[in-house]
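Okay, here we've got a single chain as structure tokens, the form predicted on its own, with questions on binding and movement later.
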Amino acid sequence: MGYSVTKIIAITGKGGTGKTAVAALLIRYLCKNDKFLLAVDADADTNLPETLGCEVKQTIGDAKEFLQEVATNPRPDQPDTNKVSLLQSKIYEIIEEMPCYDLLVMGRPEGSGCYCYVNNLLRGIMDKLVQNYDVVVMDTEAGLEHFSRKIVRDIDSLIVVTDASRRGFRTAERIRELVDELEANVKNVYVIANKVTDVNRDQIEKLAGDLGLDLIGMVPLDPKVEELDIGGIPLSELPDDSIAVREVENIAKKLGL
């Protein structure tokens, strides 16, 4: 089982920056280092399973709709005390157990109606669930709505993946500001520049420095990543000498993983 202290890593960034690829490469590294790992896809687009090479049958969204139905249409044979255990058992059904990690997919945003009660139940269950793991890696959306709901409350490292554009770094800056505004329980905010070339490397370092962003790594543009991505092949199949793999390994070590 996991250690007593779980490290929670959340990865975010605007579309097209390659945040899901970075998440998959981090998971690849952790698997090779025998960490007891939970991977969470908290992005409504749900790209992480495909990038990891696995299929998902159900999501947390399915469980929330199920429990919302129970909450709004109570049955005489269903006491309130059973709702937590109902949702908990549903979540354990949803978790996909892979050879070196477990995968939990949040699914699409809720439909009409208030899910506050269900979110409260889910929050308590997730607090207990993550304690079973050494590391939790969350692939999240660019916005911070999921943090404001605090389904997962304590984030050790929030990593913003950006490209080499000023717009991408401005997004990272806004996310850092939002973390402060929301008073989210995030210990560290880092930036990873992705698809870096020799041409833009110095510019990226300068831009991060000008904005006061903590640039923890620069993942080189790797033709092998693009080749696997186009072919729909999981990034776990990348060779150990991949330049992207090596840089994410360096980043993981800086994070103390």
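Numbers for residues come from their place in the sequence shown, where the first is 1. Please read all numbers here as calculations on a predicted model, not as lab measurements.
If you look for the form predicted together with a small molecule, you will not find it shown, but the lines that follow are about it.
- This chain appears without its partner; in the model of the complex, the one residue of I91, V84, A184, A142 with a heavy atom within 4.5 Å of the small molecule is A142.
- For the options E69, E226, D202, D214, the residue carrying a heavy atom within 4.5 angstroms of the small molecule in the model of the complex is E226.
- In the model of the complex, none of the heavy atoms of L52 sits within 4.5 Å of a heavy atom of the small molecule.
- The shortest heavy atom separation between K64 and the small molecule in the model of the complex exceeds 4.5 Å.
- Heavy atoms of L221 reach within 4.5 Å of the small molecule in the model of the complex, making it an interface residue.
- When the small molecule is considered in the model of the complex, R28 lies well away from it, no heavy atom lying within 4.5 Å.
- Stretch-level contact check against the small molecule in the model of the complex with heavy atoms at 4.5 Å: of 55-63, 202-210, 188-196, 29-37, the positive one is 188-196.
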